[in-house]
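This document starts with one chain, in the form predicted on its own, laid out as C-alpha cells.
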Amino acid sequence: MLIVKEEICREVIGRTEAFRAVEDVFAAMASGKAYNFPVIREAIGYADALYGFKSGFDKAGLVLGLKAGGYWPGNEARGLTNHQSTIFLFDPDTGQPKAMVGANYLTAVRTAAASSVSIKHLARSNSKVLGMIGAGFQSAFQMQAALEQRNFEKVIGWNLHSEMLSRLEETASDAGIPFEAVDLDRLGREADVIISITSSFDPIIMKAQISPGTHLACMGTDTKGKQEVDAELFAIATVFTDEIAQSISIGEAQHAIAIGLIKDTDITPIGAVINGDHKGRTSDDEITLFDGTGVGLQDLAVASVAVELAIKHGKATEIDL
C-alpha cells in the first residue's frame, strides 16, 4: 500500500489539477458513470466534533474508496485545522487497499474547485465583484480558485468575527485585488458572485439582500441542520448541486425542501451543465445557486490524481500491511 502524506499532496496538487479532477467527476456523476454511497456524518458527543464517512465508485476512472474524518471546532486554538480527514483508496478489482492519502489540504482544494466549477458554468461572464461570507481556513482557497474564473476587480467580505477578515484581505492583496469589509446588505447588493463558506446553523444572508443576476455558491452546509442562506432564496433561484441526494438531506436545500418551497426535481446536477444537457444560466437577471455539499467522489478524484503524481515524482511511500 502507498502512503501519500499531507505535505506531498501540497507539492503535487494545485488548483489546476483539483479543478480538472472535480469538473470531470461531476460530469461522470451526471452521466451515470460514477456514484456516491450514502453519507454517514454524526455529532460524536465529544469535543463538539462532527465525524463521518464519504465513499463512492467511479466506474469510468476505476477509483474506489472513502474519506473518513470531520470537523473539530476547537482545533484552531491548538494550531491545527478544524477539518481533519484521511482518504483510503482500494483496488476495485480485488478490494485490496491501494493508498492512504492525507486529506486536509485536498479537502480544501477540492471544495474550492467545486465552487470554482460552478462559477465557470453559471456566473455571469461580466462578473466584477466577488463577495465572500466566512473567513475561516477554507476561505483563502475559495477566493484563490474563484479569482481564476472571472475578471474580478474587487473582493468584498463579511465574517461574524470581523478580526478574522485579515485572512481575506491578505489573500486578495496577494492576488493584486482590492478588498473591503462590508455589511451583509451591501455584500448582497454589490456582489456579482457570492461564496459562503461557514459552519453556520442559522441563515446568514437573506432573500431580500440578493440582487438579480447574482450567482451564489453555498459551500459550508454538509450536515443536517446546517444553514447559510435564507431558504426563501430557493424559491427565486435556479438551483444546481453536486449531488441531489445530498443536497436535499444534508445540503443547503434541506431547509427549502422541508418547508415545501421546492422539490428535488427543481434541482439540477452541475454535471448536466458541464455535459451540455442543461443550459445553465439563461439570462443576466437570473439568480443561480450552487449547493456544494461535498461528495465523496470529489475526494477520491483528487486523491487518485495525487497518488498518480506522487508515484510519478517518486514521492509516494510504500509499506507492507
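All residue numbers refer to positions in the sequence shown, first residue = 1. Keep in mind the model is a prediction, meaning the values are calculated, not measured. Whichever C-alpha set is largest while still superposing within 1.5 Å between the two forms counts as the rigid core.
The form predicted together with a small molecule is left out here; the points below concern that form.
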Exercise. Would 123, 209 and 213 all count as contacting the small molecule in the model of the complex, using a 4.5 Å heavy atom cut-off?
Worked result: no
Problem set entry | Sole residue of 238, 144, 127, 159 within 4.5 Å of the small molecule in the model of the complex, by heavy atom | 159
Seminar exercise, completed: Of the candidate stretches 159 to 167, 174 to 182, 230 to 238, 86 to 94, the one with residues having heavy atoms within 4.5 Å of the small molecule in the model of the complex is 159 to 167
Problem set entry | the small molecule contact at residue 137 in the model of the complex, heavy atom, 4.5 Å | yes
Exercise. Do residue 204 and the small molecule share at least one heavy atom pair within 4.5 Å in the model of the complex?
Worked result: yes
Exercise. Given that the partner is absent here, does residue 243 sit within 4.5 Å of the small molecule in the model of the complex, heavy atoms only?
Worked result: no
For this session: Find out whether any non-hydrogen atom of residue 131 is located within 4.5 angstroms of the small molecule in the model of the complex, and reply yes or no.
Result: no
Exercise. For residue 262, is the C-alpha shift between the shown form and the other one 2 Å or more after core superposition?
Worked result: no
Problem set entry | CA of residue 72, rigid core aligned, shift of 2 Å or more between the shown form and the other one | yes
For this session: Using a superposition on the rigid core, decide whether the Cα position of residue 50 changes by 2 angstroms or more between the shown form and the other one.
Result: yes
